[in-house]
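Below you will find one chain, with nothing else, as structure tokens; this is the form predicted on its own, and questions on how it binds or moves follow later.
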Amino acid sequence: MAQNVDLARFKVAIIGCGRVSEKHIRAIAKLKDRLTLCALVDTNQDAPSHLLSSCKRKIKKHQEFKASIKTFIDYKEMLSEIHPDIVAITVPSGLHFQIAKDCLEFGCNILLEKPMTMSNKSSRELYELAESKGLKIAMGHIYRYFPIVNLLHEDMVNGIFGKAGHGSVVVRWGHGDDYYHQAAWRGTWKSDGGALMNQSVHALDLMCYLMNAEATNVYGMIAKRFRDMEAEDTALGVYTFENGALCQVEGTTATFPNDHEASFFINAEKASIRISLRKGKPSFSITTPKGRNLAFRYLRRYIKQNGLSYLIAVAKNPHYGIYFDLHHAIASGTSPIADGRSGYKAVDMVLGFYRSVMKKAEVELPLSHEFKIEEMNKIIL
């Protein structure tokens, strides 16, 4: 393989100019030696300019940066004219599948925001299509890119922590009714899903990553307590993993919007692991049976491996890590940390949970038949 493959520079296009797109633009701008933003696409012709304006204060040489960007209403027209190496898809979840499929068919690598699609069958189809074409799918599973997470994964894989006993994941990511009223698709079964599919899917993915195991069973319950939406604002359930570990999950958007929290706990034979993010402030501990906290040891190890500037960049914007990793994966022929397989597995976990709600019984994973989230319309909350 040629040396210095990471010096290759790739063209990037973004389809969808909503709120999350700003994180993409900031990451691409910071990786200007590796990536060039060449196109923005949105059916609202004013959206690209509004998006670029919102990033003005956070991008150095903003005028020079945006000068090379073309805007489009039709993403197929963009594909034909620009021929991007990478397409980031940040449209509503219900539109992911067709756009992602078209981009892969055109020969583009893709960065796909979570969830991958709204059915287990279509998610797997995207993964298999990318594999057949030798293309990369990077998922917007941002938690995999948080500092030290990859080191914890490596040590779990290598048996440093011994056997995993159980874990828990809590996602209290409150949104008020104004959030759901901003767009008709938000909180609907067909295009968005509820607290589990939208806010918690990448947290479930992280538990699989940290435990180094896939879920085999799930029992779940959902409710709509406070929010004016079609889908659930609260979900509680338990997963069983292939290694015998159990994991309880709480996902909700019914908490206060100014007090966002995501926390993870794993109880293993030789350590208890805690990672949390609350009101934007991260914390973590890796505690031994004798009570010693190895957090700073892991932080030093991470900085030694990646550098302090990388840690700061990822801590400020995890999408920087996703783009950095995707660039390396394309250039070197390796797989992204959060790849297409992780995308469809996470969707299967969520849909299995919803299937359990419909059946009022424990469900085996992976699902044996196609299940579309819009089937949840049969449930009255």
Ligand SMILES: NC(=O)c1ccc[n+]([C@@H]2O[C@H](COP(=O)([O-])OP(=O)(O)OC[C@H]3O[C@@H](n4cnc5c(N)ncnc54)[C@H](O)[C@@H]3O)[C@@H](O)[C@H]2O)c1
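Values in this document were obtained by computation on a predicted structure and should not be read as measured data. In case it trips you up, residue 1 is the first one in the sequence shown, and so on.
Omitted from view is the form predicted in complex with this ligand, to which the following refers.
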Would you mind picking out the stretch of 220 to 228, 247 to 255, 77 to 85, 139 to 147 that comes within 4.5 angstroms of this ligand in the predicted complex, counting non-hydrogen atoms?
-> 139 to 147
Could you tell me if Val12 has a non-hydrogen atom within 4.5 Å of this ligand in the predicted complex?
-> no
Give a yes or no for Leu135: in the predicted complex, does one of its heavy atoms lie within 4.5 Å of a heavy atom belonging to this ligand?
-> no
Close approach of His319 to this ligand in the predicted complex, 4.5 Å, heavy atom | yes
Pro366, heavy atom within 4.5 angstroms of this ligand in the predicted complex = no
Taking 4.5 Å between heavy atoms as the contact cutoff, choose which of Val91, Ala164, Cys208, Val169 touches this ligand in the predicted complex.
-> Val91
In the predicted complex, do Val20, Thr43 and Ile99 all put a heavy atom within 4.5 Å of this ligand?
-> yes
Going through 94 to 114 from first to last, which residues have a non-hydrogen atom within 4.5 Å of this ligand in the predicted complex?
-> Leu95, His96, Ile99, Glu113, Lys114
